[in-house]
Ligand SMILES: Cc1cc2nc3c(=O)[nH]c(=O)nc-3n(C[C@H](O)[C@H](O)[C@H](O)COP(=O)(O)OP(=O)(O)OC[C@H]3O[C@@H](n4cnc5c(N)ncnc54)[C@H](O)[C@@H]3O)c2cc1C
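A lone chain, given as structure tokens: the form predicted on its own.
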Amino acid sequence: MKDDASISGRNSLDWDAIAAELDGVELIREPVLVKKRSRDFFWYSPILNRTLKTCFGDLVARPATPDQMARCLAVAHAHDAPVVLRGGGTGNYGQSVPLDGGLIIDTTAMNRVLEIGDGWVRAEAGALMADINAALAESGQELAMFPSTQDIATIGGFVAGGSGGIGSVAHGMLRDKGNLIGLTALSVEAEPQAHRFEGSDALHIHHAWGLNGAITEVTVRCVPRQDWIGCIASFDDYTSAYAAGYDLACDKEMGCKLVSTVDARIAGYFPRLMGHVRQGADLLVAMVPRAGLEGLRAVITAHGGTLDVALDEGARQAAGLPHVFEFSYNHTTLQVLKSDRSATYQQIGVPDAGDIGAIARLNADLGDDVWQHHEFARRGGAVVSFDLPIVWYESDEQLGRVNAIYERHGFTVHDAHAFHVEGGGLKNVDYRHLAWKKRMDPKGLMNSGKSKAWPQVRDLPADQIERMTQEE
């Protein structure tokens, strides 16, 4: 099937021979399906959409076991075939898009929950976050954090590409001590080797976008299961909603698992909330344990808000409403994009989460093209917030002007429109990641093109690359 190899047009490998060597592993060769698995949510960005929409793989493999995955990696190594790992494809930066074509390894058939202990769960990389949470229920536990896309996101993809989510306001970011307990990753060699990374060593692989190892299983923290009440409160102005959110985030005893604030104009794109929340109001979205509900209500009232929705899981299902976390994180962007593809978003670090005045001053300066939406979290024990605003995109130059407004106010732009691992969330080169890429992927086959720094260090010994972190 020569048309398979022409999907990407970026290599001239013998994909019939590669497929034959992978006999026994589930393969996908139909061009339309290969193209579908070559995409993630990069289309949130008009800039990434222009860059990545024509990048496609040549062959998809769905290994069902670590041994099958090792076979895929060995065959790729033998043919010098580029490799991209893929979970649920929920990333926003093209993490699972094959820039150079090649073999896409879809991990979703490796989906077993392997072991549950007191305060931890070990699962294969392709296990869905929602399925892990469901498996934990019998033990009276739940994941310490999960993405808003938990129904389709895999644990391996979350660890490889994510940084936090629902639960970060209580338990910190994924990289904070105790949240990512360990992982196992395969090298890309003639005979792939399984490497176990425990504790802080797991950060060598975490958030590296699959550049430096094929994750086969992950062990993460879980916590006692709570009777969560999903809450949505309405406010007459965004500053009051934000101030209430900050107070909730700071109250560790209340134990909120989610605290988000959403500009009223964004909330207008939430049709499923029609009749449940006050229209035209700025919103605060939270998950609070039942025991903390009255405390949450008091904070909302103190800031001039009204608690419009407060539902436990049974009441939510009876009302036919989505989980409240579907009105948080990048689900807000998705809700807007469902109606208008001219919108996009950005990722902004807030220098001082408690400086309410700075939020108000910034809001006044942004104008009508930018609608704020904040998420509260903890990082290293301290309360932080970050803005995931809706930006009504007109041009790259206009987006640059928006970035400049944030930076003029002292806010950090983590560019959501860059497909290099150094371009967005990290903003710098992590030489420890690249050192482990040298050890685990000496040919540089994994997610090729996604690191700007790799071409400059690929010929150096791993230990020398790692020392470059200390020299910066």
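This one's a predicted model, so the numbers in the text were calculated from it and none came from an experiment. Each residue number is its position in the shown sequence, starting from 1.
Below, we turn to the form predicted in complex with the ligand, even though it does not appear here.
Participant: Based on heavy atom distances of at most 4.5 Å to the ligand in the predicted complex, which listed stretch, 302-310, 88-96, 223-231, 395-403, is the contact stretch?
Facilitator: Only one stretch qualifies here: 88-96.
Participant: Tell me, yes or no, whether Met129 is in contact with the ligand in the predicted complex, where a contact means a heavy atom of each within 4.5 Å.
Facilitator: Contact check for Met129: yes, within 4.5 Å of the ligand in the predicted complex.
Participant: Check Phe56 for me: does it contact the ligand in the predicted complex (non-hydrogen atoms, 4.5 angstroms)?
Facilitator: No, Phe56 sits far enough from the ligand in the predicted complex that none of its heavy atoms falls within 4.5 Å.
Participant: With the cut-off set at 4.5 Å between non-hydrogen atoms, does Ala144 touch the ligand in the predicted complex?
Facilitator: Answer no; every heavy atom of Ala144 is more than 4.5 Å from the ligand in the predicted complex.
Participant: Would you check, heavy atoms only and a 4.5 Å threshold, whether Pro82 touches the ligand in the predicted complex?
Facilitator: No - in the predicted complex, heavy atoms of Pro82 and the ligand never come within 4.5 Å of each other.
Participant: Which pick from Tyr238, Trp371, Phe197, Tyr329 sits with a heavy atom within 4.5 Å of the ligand in the predicted complex?
Facilitator: The residue from Tyr238, Trp371, Phe197, Tyr329 that makes the contact is Tyr329.
Participant: Which pick from Val75, Ala153, Ala170, Val350 sits with a heavy atom within 4.5 Å of the ligand in the predicted complex?
Facilitator: It is Ala153.
Participant: Of 144-160, which residues get within 4.5 Å of the ligand in the predicted complex if you count heavy atoms?
Facilitator: Residues within 4.5 Å: Pro147, Ser148, Thr149, Ala153, Thr154, Gly156, Gly157, Phe158, Ala160.
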